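The chain below stands alone, shown as structure tokens; this is the form predicted on its own.
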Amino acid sequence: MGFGRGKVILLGEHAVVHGCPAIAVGIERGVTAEAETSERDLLRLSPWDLSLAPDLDGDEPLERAFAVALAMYPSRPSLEVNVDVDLPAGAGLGCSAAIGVAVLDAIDEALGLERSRTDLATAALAWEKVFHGNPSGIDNTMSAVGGVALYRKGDALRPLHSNKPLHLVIGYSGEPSSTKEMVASVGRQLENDPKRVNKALEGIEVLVRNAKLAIEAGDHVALGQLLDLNHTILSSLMLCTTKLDEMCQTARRAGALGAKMTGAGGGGCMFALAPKHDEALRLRDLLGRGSFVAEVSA
């Protein structure tokens, strides 16, 4: 059974595309996949009821990504890959990366191949490029490896450790988000107003470095304050929607230590940091449909 985790970026999204570090966590909700030999290559995805053949020139990104994945196995039988997706798509939780990791993991298993989760993450980057053009690499890496880690594009993942788990509550706005469009938007802002945007990116980098220390020290109060500040900077880059802002404010008023949007923005998800598990369950119920708790050990 192949498996790819969803991910939450704690701090540093968008800045990570421009060479700054980010901190992300892998969550245990994600994507599973099974591959078996078949008469023809086919990708089936539930709960979307999709059946797709590989096609490098296809209109559907999943067709192209599946073709890219199969091209990594030059000598192989035809394969049918059945995928079960337990993440919202286009929501900032790394759904496309989790599918890619799960598909490659399942194919490896079906063909009797073994590779490390780190190598699996590297392979899945080619899948991600089909969807996002210039991905940072953080989604596929966290999907394959999990845990809590500091990530900088082009560098090895640096796991972070703490004796206190993170109690996260993830809320879905119901609004679709396009990573490619949001990354392009920040790129245009950087080109048109480099002083303002570079100042924002530098500010995010400072927050990430302080958050690393807070996580390692188990200081979740300080971490929550840093999350709020990161959310404010992302909002200044026109990445946050009214719905996401309202959800973050609701969580803070209800006792969350901090809350912010996560992922590309323009819709998708937010998350709140709760002081303990029981509080996380209460915040989940408050944030409503589509919300869930993720307990992450660093």
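In case it trips you up, residue 1 is the first one in the sequence shown, and so on. Because the structure is a prediction, the values reported are computed rather than measured.
Keep in mind the form predicted in complex with a small molecule is missing from the figure; the text below concerns it.
Asker: Only one of P88, G146, G224, P135 comes within 4.5 Å of the small molecule in the predicted bound form by heavy atoms, so just point that one out.
Answerer: In short, P135.
Asker: Looking at A264, A65, A259, L244, which is the one with a non-hydrogen atom within 4.5 Å of the small molecule in the predicted bound form?
Answerer: Result of the distance check: A264.
Asker: Within 4.5 Å of the small molecule in the predicted bound form, counting heavy atoms only, one of 80-88, 135-143, 168-176, 191-199 shows up; tell me which.
Answerer: In short, 135-143.
Asker: Does any part of I9 reach within 4.5 Å of the small molecule in the predicted bound form? Heavy atoms only, please.
Answerer: Because a heavy atom of I9 falls inside 4.5 Å of the small molecule in the predicted bound form, the answer is yes.
Asker: Considering non-hydrogen atoms and a 4.5 Å limit, does the small molecule approach L120 in the predicted bound form?
Answerer: It does not: once the small molecule is placed as it appears in the predicted bound form, L120 has no heavy atom within 4.5 Å of it.
Asker: Whether L283 contacts the small molecule in the predicted bound form should be assessed with a 4.5 Å heavy atom distance threshold; does it?
Answerer: No, L283 sits far enough from the small molecule in the predicted bound form that none of its heavy atoms falls within 4.5 Å.
Asker: Is there a heavy atom of I107 no more than 4.5 Å from a heavy atom of the small molecule in the predicted bound form?
Answerer: Judged by the heavy-atom cut-off of 4.5 Å, I107 is well away from the small molecule in the predicted bound form.
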